[in-house]
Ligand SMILES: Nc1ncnc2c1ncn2[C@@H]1O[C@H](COP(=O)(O)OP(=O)(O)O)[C@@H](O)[C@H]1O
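Single chain ahead, written as structure tokens, the form predicted alone.
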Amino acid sequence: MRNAIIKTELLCKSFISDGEVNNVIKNLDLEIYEGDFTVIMGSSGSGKSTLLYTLSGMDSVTTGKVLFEGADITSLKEKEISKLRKEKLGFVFQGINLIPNLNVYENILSPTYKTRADRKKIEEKIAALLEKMELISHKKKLPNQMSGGQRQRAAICRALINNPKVLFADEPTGALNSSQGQSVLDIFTKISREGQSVVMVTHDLKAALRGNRIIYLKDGRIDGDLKLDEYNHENEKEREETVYKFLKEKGW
């Protein structure tokens, strides 16, 4: 039986704008399984980023529950939810968001501040991540001294430093050119194969192909759920046809 690391129960998220209530996520029941590379897609305004933020505890819910490893995180206080995000979750964003006055090594190290983690083990983990992401020669560079792809790879290192149970990514290739994006997607594929649970929001078909599950949102509800085999370059064309057909049927 597959283990659901995240589960929602009648999840709702609403915003009030100019006195009008906008129901973005509507009574959504969803299970995210451990070890999956889950992709969330949908047209603009479908609620995909809002869903990612509520699943990860970055945003509060209006009603309903989000369970992480069986525990209701919607009832946690801000200090508790902050601790959970720092210790068990990782985040990669389109904007990359590296600290500009810290070099690559310092940026990756920053989430470990004020933790009880063993310094030697952290140094070893950073060295391993830098090697995996091909950033060893860049570790003393500031973010503005690197390309967008290199910065995003550094951001992935930072997101992985505390060994997160789930890595959340919101349009991680959105600000990159095609070759940089391909490099970043290859990294996501690699860490997924190594067992890392990934939840990624994207509007890009090439990025979506990397997932083994695609959830399609429409007006705040799940309108489709496509299961796929593990990605490899050899079956990419056939996979693209399958995913495109699924998305087209959903009105993408």
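Fair warning: this is a prediction, and the values are worked out from it, not measured in the lab. Note that residue numbering follows the sequence shown and begins at 1.
If you look for the form predicted in complex with this ligand, you will not find it shown, but the lines that follow are about it.
K.L.:
Answer yes if any heavy atom of Gly211 is within 4.5 Å of a heavy atom of this ligand in the model of the complex; otherwise answer no.
P.N.:
No, Gly211 sits far enough from this ligand in the model of the complex that none of its heavy atoms falls within 4.5 Å.
K.L.:
Looking at the partner-bound form in the model of the complex, is Tyr244 within 4.5 Å of this ligand by any heavy atom?
P.N.:
Outside the cut-off, so no.
K.L.:
With heavy atoms only and a cut-off of 4.5 Å, decide whether Gly47 touches this ligand in the model of the complex.
P.N.:
Gly47: yes, in contact with this ligand in the model of the complex.
K.L.:
Does at least one non-hydrogen atom of Val24 fall within 4.5 angstroms of this ligand in the model of the complex?
P.N.:
Residue-level check for Val24: yes, a contact with this ligand.
K.L.:
This ligand isn't shown here, but in the model of the complex, which of 221-229, 31-39, 47-55, 66-74 has heavy atoms within 4.5 Å of it?
P.N.:
The contacting stretch here is 47-55.
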